[in-house]
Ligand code: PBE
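Okay, here we've got a single chain as structure tokens, the form predicted alone, with questions on binding and movement later.
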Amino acid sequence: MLRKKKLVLMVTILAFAMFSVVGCGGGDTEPSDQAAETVKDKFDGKIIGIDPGAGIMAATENALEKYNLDYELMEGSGATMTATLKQAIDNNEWVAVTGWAPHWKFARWDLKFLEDPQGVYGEAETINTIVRLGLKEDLPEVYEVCDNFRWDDADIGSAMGLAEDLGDDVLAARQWVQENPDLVNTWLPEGYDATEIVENPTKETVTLLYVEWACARAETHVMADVIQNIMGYKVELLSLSAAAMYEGLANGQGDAIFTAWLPLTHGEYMKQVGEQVEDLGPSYEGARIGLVVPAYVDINSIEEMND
């Protein structure tokens, strides 16, 4: 009799255990709160931005409105944006950032731009060289090297990668120029050789203005190295906000910038300075801006951020 009671009790416990597993859907099923998690929840309701005055921030504010996105656009800097991106990727978390190409982050991590069916971020852009009025007459050689400056994805990517690896923009630019004399020679005025270095520059001072973007630092420091170490001009570098950069160039406080993203990202700044500066055209083609996410994020369009 006792054995029979024990047997009944064991069967009851086993049945209860089986019901518990089957009734909850098995061990592979997500908890109900995770299953109900929205795309917005996965992104923590935030888009990680950069400097508040940047054109890409204005474009993103427009995207929030056009796509009816209930997200908070976080202001910061290029450095904080990439730091947040790295932290999310290290933890396999979802993150959306305001991004642009060329940028070294695309070489370091597997990323993608979210599709923009409404075209809020525009088409591919160019990075142009802009100089002050009168530079051609005052410093014709400097004007010529600025006008000749052209490079492609591989060129700018390698320059940016060196700067990131070495942690020193000046040393990275010097190494890049040494490793790419044939291309540099296509920029130089007649009579200069990329392999011949000027030890003590004595010519007039050339002031180059730039913003603290990785691509802008690479472009500006490479050209500073060429103008100073090969052509023998003294070079002054000034890091400014985008608005101050254009205003300074228009007022003659700088000679050139190599980081004008047109027609969208820096379009408003160019409108403000109008004919007070001279646009020498693209040094790089195929630049773009938009919302960037890690490749493992399983949405492909900005529209899907509402799901």
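Predicted model only: the values in this text are computed from it and were never measured. Note that residue numbering follows the sequence shown and begins at 1.
Heads up, the form predicted in complex with this ligand isn't pictured, but that's what we're talking about next.
Checking 39-47, 274-282, 52-60, 65-73 against this ligand in the model of the complex, the stretch whose residues place heavy atoms within 4.5 Å of it is 52-60.
For the marked spot (W213, T259 and H266), a heavy atom within 4.5 Å of this ligand in the model of the complex is present in each of the three residues. In terms of contact with this ligand in the model of the complex, the residue from W176, W100, Y233, W187 that brings a heavy atom within 4.5 Å is W100.
In the model of the complex, at least one heavy atom of I289 sits within 4.5 Å of this ligand.
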